[in-house]
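Consider the single chain below, provided in structure tokens and representing the form predicted alone.
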């Protein structure tokens, strides 16, 4: 088995290229890989397409990546939340485009992409602006529209514990998108607050098997997005 540990967040994201599609975990700070995102800002890749549940909070993490004008397009479910201070202006100016996707559909599009399923039908968004221009089909007595699976060049996710082979355990809501993105990213990069030798994680507790993980970075004391936002922090 391959030891997938890398020395630092900077080393882990060094090869993310201009124009890459990047999935970024989230669903609250439990799943937000802030250290990896900040390393990506320092790395200076541009014109990114980012797939995430939301557009970040305050001026740290994903919001900081947007503020640095590195993101050409967002694919997400919640582009504006209580602390979304960056994205609305970028969207109104036309700098960052938005593809709005209902949350359940977003999760299923990522899951489908990771499973090699190119498309599927769902009744969600039928009869709304989100369904315009998409293929429609009737099954039984109900109308459905076709959604395409999503994959990415890179996936940046956060785990509570990892072993050196890349087997992962998550913290609470990080499990909502983290496992799906790990499967859908061609290169999956994980920051974990606890990295242990192989065998130290009960196999029955493993959520993401190491086969879906390419790089593991030990971040023993990860930043908490809510604390940074409350303190008025910004990055860089």
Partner chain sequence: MTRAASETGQVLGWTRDEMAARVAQDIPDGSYVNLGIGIPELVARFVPEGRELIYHTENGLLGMGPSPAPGRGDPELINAGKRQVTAIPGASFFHQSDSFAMIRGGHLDLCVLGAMQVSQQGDLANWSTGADDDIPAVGGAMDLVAGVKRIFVVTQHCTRTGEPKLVERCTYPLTGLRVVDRVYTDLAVIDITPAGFRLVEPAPGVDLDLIRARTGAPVLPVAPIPPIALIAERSTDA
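Note that the structure is predicted; figures quoted are calculated from it, not measured. Residue numbers count along the first chain shown, from 1.
A second form of this protein, the form predicted in complex with the partner chain, is not displayed here; the remarks below concern that form.
Taking the partner from the other structure, the partner chain in the predicted complex has a heavy atom within 4.5 Å of a heavy atom of residue 142.
The closest non-hydrogen atom of residue 198 lies beyond 4.5 Å of the partner chain in the predicted complex. The closest non-hydrogen atom of residue 172 lies within 4.5 Å of the partner chain in the predicted complex.
Mapping the unseen interface onto this chain, residue 176 counts among the residues with a heavy atom inside 4.5 Å of the partner chain in the predicted complex.
Taken together, the three residues 8, 11 and 35 lack any non-hydrogen atom within 4.5 angstroms of the partner chain in the predicted complex. This chain appears without its partner; in the predicted complex, the one residue of 117, 100, 72, 146 with a heavy atom within 4.5 Å of the partner chain is 100. Taking the partner chain as it sits in the predicted complex, the stretch 17 to 44 comes within 4.5 angstroms of it through a non-hydrogen atom at 27, 28, 29, 30, 31.
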